[in-house]
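Let's start with one chain on its own, the form predicted on its own, as structure tokens.
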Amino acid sequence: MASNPNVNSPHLTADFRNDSYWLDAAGAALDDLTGAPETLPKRTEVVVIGAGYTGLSAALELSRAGRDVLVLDAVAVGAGCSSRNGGLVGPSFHKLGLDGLKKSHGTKKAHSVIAESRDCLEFLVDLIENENIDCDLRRSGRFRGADKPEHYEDLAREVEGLQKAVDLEADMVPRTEQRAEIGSDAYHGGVVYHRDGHLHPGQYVAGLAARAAAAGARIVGQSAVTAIRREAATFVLAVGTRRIEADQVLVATNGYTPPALGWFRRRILPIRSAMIATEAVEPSLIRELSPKDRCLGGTSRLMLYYRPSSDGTRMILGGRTFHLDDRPMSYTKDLHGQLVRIFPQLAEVRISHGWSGTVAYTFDHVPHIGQHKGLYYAMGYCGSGVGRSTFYGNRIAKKMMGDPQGATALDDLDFKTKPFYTGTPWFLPAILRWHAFMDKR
């Protein structure tokens, strides 16, 4: 846990921490669920690389089917974006874009991908309820505001198209009525997606890991895979000085895919997203900002997203950063400025936590699932990973067992890369600064 390197920053609390706010409640449980490298076996049926939502969802399904499962993580359970995201859940149709999908894959495929996005959310909700995972899940809806007047009509057309394609529960909200949804005048009306909601991501990943462990999966941290090779029908993984043999391997590393998994790394764009949490304030102020406990966001290119904390005492806001590495003094200042722009009521409220992580985008803006040279994979959730990673983790596990219920709408999509791309998106800072410039126009 890192402390504030500059306690004199006026927008930060004196005890500011460069660490995920969600770990305050879930950190101890995640530590307890992470086994030590000394416990690594020499052989197992299945190795899952990555102890985030995808890997744990798959491990739960495989273990309950009687498979011997070992989950490896380079750090610890949920150390990546599974404990660092905003906890917003929903189909997030607008991120995929119906028109873009039609252009790339045709109308039939676009509709099936969109429909499966809805299925991801329902699967997540059912799993949390059936497994009795206490993670403050609330389906209170999401308000997405129009940052510019012309964006309102764009949103209306998008909603109309989606309502024709799938059973979308959404309503347009004109600017004259938006104060019922958000305590801000920063938008020009917007849309409410009624099926969306939010949860506590730290408690969710801890609950998912606990269920996988109870089913028999072994979860071991500080175990980075540095090489994989195939010997006949067996995979041999190098983990430090150790050698582990497995019949099957699942790559579930998403935005943290290492160089040892080069084929996958060249197909993933790890984009750094940062978040801030305000210090605790009176719950009445948070209710003023989000009267219906909605998730909130806008149409800006930098994709700001925000929500009340699970206990209703803080506002938590996230967005893209302008750097490839973690620079808290830069992004806390930028995000605090955005927070105050949207909510002038928070001008005197300081930031207690600031953290970042890498989400995984793909070049065609859709997730991918399948098999490459015998290695199974599911990844590339394009900023909407809570529901998708859980769903596709389950589906890839079924594929590994030969279960036809593992079929998805993504199965026949090529997982493409670009010439000369090696896995480090050096070009992103310039693109994001251009997006910031365009947002101001």
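All residue numbers are counted from 1 along the displayed sequence. The shown structure was predicted, so the numbers you read here are calculated from the model rather than taken from an experiment.
Only in words, not in the display: the form predicted together with a small molecule, which the text now covers.
> For the interface check, one of 273 to 281, 296 to 304, 183 to 191, 146 to 154 should have non-hydrogen atoms within 4.5 Å of the small molecule in the predicted complex; which one?
Among the listed stretches, the partner-contacting one is 273 to 281.
> Find out whether any non-hydrogen atom of V69 is located within 4.5 angstroms of the small molecule in the predicted complex, and reply yes or no.
V69: no contact with the small molecule in the predicted complex.
> Using a 4.5 Å heavy atom cut-off, state whether G406 contacts the small molecule in the predicted complex.
Result no; G406 lies far from the small molecule in the predicted complex.
> In the predicted complex, does V359 come within 4.5 Å of the small molecule, counting heavy atoms only?
Result yes; V359 sits at the interface with the small molecule in the predicted complex.
> If you check in the predicted complex, is A252 within 4.5 Å of the small molecule, heavy atoms only?
Yes.
> Counting any non-hydrogen atom inside 4.5 Å, which residue from I133, A165, A76, A210 sits next to the small molecule in the predicted complex?
The residue from I133, A165, A76, A210 that makes the contact is A76.
> Using a 4.5 Å heavy atom cut-off, which residue among I351, C81, I268, I286 comes into contact with the small molecule in the predicted complex?
In short, C81.
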